[in-house]
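As a starting point, one isolated chain is supplied in structure tokens, in the form predicted on its own.
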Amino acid sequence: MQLTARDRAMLEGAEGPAPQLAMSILVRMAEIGGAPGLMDISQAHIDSTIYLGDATLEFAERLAALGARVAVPTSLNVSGVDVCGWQRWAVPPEWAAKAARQMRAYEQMGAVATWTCAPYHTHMRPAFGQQIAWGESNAIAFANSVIGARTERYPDLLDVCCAITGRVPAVGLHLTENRAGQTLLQLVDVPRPLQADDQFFAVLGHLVGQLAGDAIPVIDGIVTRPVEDQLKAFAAAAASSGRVALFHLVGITPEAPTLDAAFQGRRPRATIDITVPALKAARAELTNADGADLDMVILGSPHFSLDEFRRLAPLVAGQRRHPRVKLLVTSGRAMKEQAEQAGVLAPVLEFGAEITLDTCVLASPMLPPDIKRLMTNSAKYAYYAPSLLAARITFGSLADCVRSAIEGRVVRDDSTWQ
């Protein structure tokens, strides 16, 4: 593997012990991946922020103690605790203290305290073609596909090494020739009303993740124009049920103005039809609850955007949640502030919703043991909740979630999916 003079200087400790440690890890991983060399990035997003135990805390504090500083603008993913509101939940104090220490370590390295799994909602959103090193599966898929920036799947602990050195292995999705579509997924006789349904893109993403395998999927036959939050839901679902880091929606995403452009002139390796029965089956997989009983409605995976607050506000205005059912919205600090300024946060709070920042229920032990029956409009939450939270989950639209929170039981309008 070819290293530049500066790469070698960092590896030999000329820039200090922290860049030396980071570069040694990066070079080893690049060698394993068969990279011919390293390349520059201009931004990073660190997923290592989630406290998973003493090992992740020790790694972060060791880097900080060595004087580590990020070399490029760097945003931070969700942490393991809402530092301002964890006391309202079932978070053990020792967990909260250690998670907060891990947060401080990354801030000490010069990263921006965004604390969100949706960095594309912040001022640090990258541009088309920008070389970046992002962690967090939904963020990776969104950046590559919806924005057209370029990142590989950077795992925890390697992502911060890329941020400290400003370098990444010159492989994979950083290179144009590796971004061509590989498998064609064709929507066949999927009617426009179904495609316009609030749940459609989350369900489609869940199905695409299962079908794509290791291939880059190209989806053709979409006749509606999804808004960005629907693309976010698709990306999160496809990256959760599968391993999708890049997808192309023909006529929608920037590298797929045409089917031929999505494949860079190549032929697809395989073609798979997506039918209405397959979509209905995928939607059914997102629910494992067997009744109307409900403890909590959870929204915001990925973190709620300003536009989602704007959609939620009129649905809850003048209403109150049922006293037996909690409604939790997880979001980032910037989005909550913007929602407050836009006047769309107040109706949500008046409804009785609780807002959790910096983290989510999948990353923090915040839910008390009596909350076991959940409802969500997030395919990502619905996919992970049974295993990570040992919960029963119902998937529905945003309107379904609000109606259920009001009535105190699961209520779904399934008419479009009949």
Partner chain sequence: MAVMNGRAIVAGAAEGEALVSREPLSFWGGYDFKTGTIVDTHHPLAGVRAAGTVLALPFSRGSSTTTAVLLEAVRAGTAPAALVTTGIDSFFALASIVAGVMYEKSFPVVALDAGDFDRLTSGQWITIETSGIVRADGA
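Numbering follows the first chain given and starts at 1. Being a predicted model, the structure only gives us computed values, none of them experimental.
Note that the form predicted in complex with its partner chain isn't included here; everything after this is about it.
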item	value
Answer option from Ala278, Ala170, Ile252, Leu157, heavy atom within 4.5 Å of its partner chain in the predicted complex	Leu157
Heavy atom within 4.5 Å of its partner chain in the predicted complex - residue from Pro36, Gly67, Gly53, Pro368	Gly53
Per-stretch contact check against its partner chain in the predicted complex, the hit in 184 to 192, 238 to 246, 118 to 126, 225 to 233 (non-hydrogen atom, 4.5 angstroms)	238 to 246
In the predicted complex, Asp214 touching its partner chain (heavy atom, 4.5 Å)	yes
Partner contact for Arg321 in the predicted complex: its partner chain, 4.5 angstroms, heavy atom	no
Heavy atom of Ile140 within 4.5 Å of its partner chain in the predicted complex	yes
Ile25, heavy atom within 4.5 angstroms of its partner chain in the predicted complex	yes
Whether Asp197, Leu207 and Ser415 all lie within 4.5 angstroms of its partner chain in the predicted complex by heavy atom	no
